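As structure tokens, one chain now follows by itself in the form predicted alone.
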């Protein structure tokens, strides 16, 4: 069978433009797909999933590897499209692209190890049985991706689902629709003989995303804001569709008294300002122990002054993607200053739409919006703490729990173990995000469920148990009538196996 995407003409209910946020130039025009379009994709996906699952781990690995090779061969086109849609530096696009390729490569290579059938012990109550467990694909997975890292989130989300034997329907962000469509179409260009429906996409606005949630997919993975995540979960609840939610964060970094301050300052400045701060994982809060505060702040000042926003070659980051986010950034800066914060770098004058230039705020009250709410822009708060216990209390004093980091030469692992988040980096920032073998996801308002790693592969499967009676033995407690002999055997077993271990 020869594949195309889509296989049938879209019903659509209009169209929308993707606009470069830095130049306002129209990059592309796309149809708004309807619930009927999604139903068509779902029918194709269900039929294709039978074929896809039948390929087994080795067959899927071969096809996914071909996709990776095609994507790598078309890297320059992907960079160009990504830059045109989001005006982000090519370096940022390269970073998300290689992370996405690694996710596909890793899941294809490790799916069999993680998900294959394995024998398990049947337990003392059933010694005449054999038991095994296998992780089977759910069926069709829906994926809704954001605009801030549009290539990575499509590839990363699809990687685990596809490697586990599911088919996938992706709804890319309407702000970066072309990049998502391009990499998905590449799947078929790399593998022209596979059936239509293994991976497909739909375009549109919020209504299209809502329709995908209600379409009857077997699981829905969403990456985005907390408010939208709540709406996604509510919509999926109508059909009891399970969800993976990778939501916002207010990631904290702790700088201990024994930290390498040069390395810490370098990492904090990059973590706060890469991608213009428009990342679910980034450095938004820093807690520095008072003994090293002044030296650390001076290093941050020196490094942050070299960070630039713009469209020209060599700029550190590009424009804010949405006007609404600019207003949130402006509000947080104003709230911090009104609350008594010291401005180390930038200030209200840094907000020059469509750009926000670097802002570093020092000693902001913990109940201030700039500390409590996700800013999602190039603003970092650095607060002074008495000691590590104080830093950990403040770090964990939030409803978010996506990422965190700590800088300490001697106590890094111990401090990390006390930080409440889905991932922690010691003496660096955000590194866990780019490791395909490491589960990625949050706790609290940062969501639940995992991408990446063994946990990410299992996320898109269900565990199926099979038990087999090998021979009969008596007394059999699974038949009537029950006898006193049976009860007596169970009493003696409980005493011998369990009770004696707890006698004082």
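Residue numbers count along the first chain shown, from 1. Every value quoted in this text rests on a predicted model; they were computed, and no experiment measured them.
What comes next is about the form predicted together with a small molecule, which does not appear here.
With the partner omitted from this view, the residue of 231, 110, 293, 394 that lies near the small molecule in the predicted bound form is 231 [heavy atom within 4.5 Å]. Shown without its partner, this chain lists 223, 408, 215, 398 as candidates; in the predicted bound form, only 223 has a non-hydrogen atom within 4.5 angstroms of the small molecule. Among heavy atoms of residue 261, none comes within 4.5 Å of the small molecule in the predicted bound form. Interface membership of residue 248, defined by any non-hydrogen atom within 4.5 Å of the small molecule in the predicted bound form, is confirmed. Although the partner is absent from this view, residue 378 stays clear of the small molecule in the predicted bound form, with no non-hydrogen atom inside 4.5 angstroms.
Contact annotation: residue 276 falls outside 4.5 Å of the small molecule in the predicted bound form, judged by heavy atom distances. You can rule out all but one of 118-126, 328-336, 198-206, 71-79: in the predicted bound form, only 198-206 has residues with a heavy atom within 4.5 Å of the small molecule.
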